[in-house]
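To begin, one chain is listed below as structure tokens, in the form predicted on its own.
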């Protein structure tokens, strides 16, 4: 098994800054926008973007939430091991809001499809956008594309992209793992 560094901590920080800037360009004061991190790994990205938006762009009215999609996935019954759900934490209605889904890796698109179904329990959004840190563009099973993209990675199916966040794994780094 081989491991290649795709992004260093410095490159991760540069991408986070760019993504935050793009969000500000498109959502201005965020008065009608909510950011929803997709559990589990999108939460780390959401929190980092939230910090940048609040501290560097002085966004005060930022509404954020966490969405668990475990039981909305089309493959949740296909596993022999029991699934552990995460928590959904959305304490607002998304009716007529601009929703931005945030996830670390966009792979097949199935997680986003599940999120589209799950968010309907909280109202009917005016618009939904997708922000992904890593886009594995040649691995898509569904016609889903990110509106905001950190980095595109051309990985074949046997390869894995691993995003490590300093809050969870102790360092910001992105690896491409080959078997």
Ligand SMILES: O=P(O)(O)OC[C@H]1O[C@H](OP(=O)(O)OP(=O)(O)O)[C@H](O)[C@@H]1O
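Numbering follows the first chain given and starts at 1. In this text, all values refer to a predicted model and were calculated from it rather than measured experimentally.
Below, we refer to the form predicted in complex with the ligand, which is not included among the displayed structures.
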| query | finding |
| --- | --- |
| Answer option from 40, 65, 146, 125, heavy atom within 4.5 Å of the ligand in the predicted complex | 40 |
| 4.5 angstroms heavy atom contact with the ligand in the predicted complex for residue 110 | yes |
| Partner proximity in the predicted complex: residue 100 to the ligand, non-hydrogen atom cutoff 4.5 Å | no |
| Partner-proximal stretch of 40 to 48, 23 to 31, 116 to 124, 53 to 61 relative to the ligand in the predicted complex, 4.5 angstroms, heavy atom | 40 to 48 |
| Contacts with the ligand in the predicted complex - residues in 144 to 179 whose heavy atoms fall within 4.5 Å | 160 |
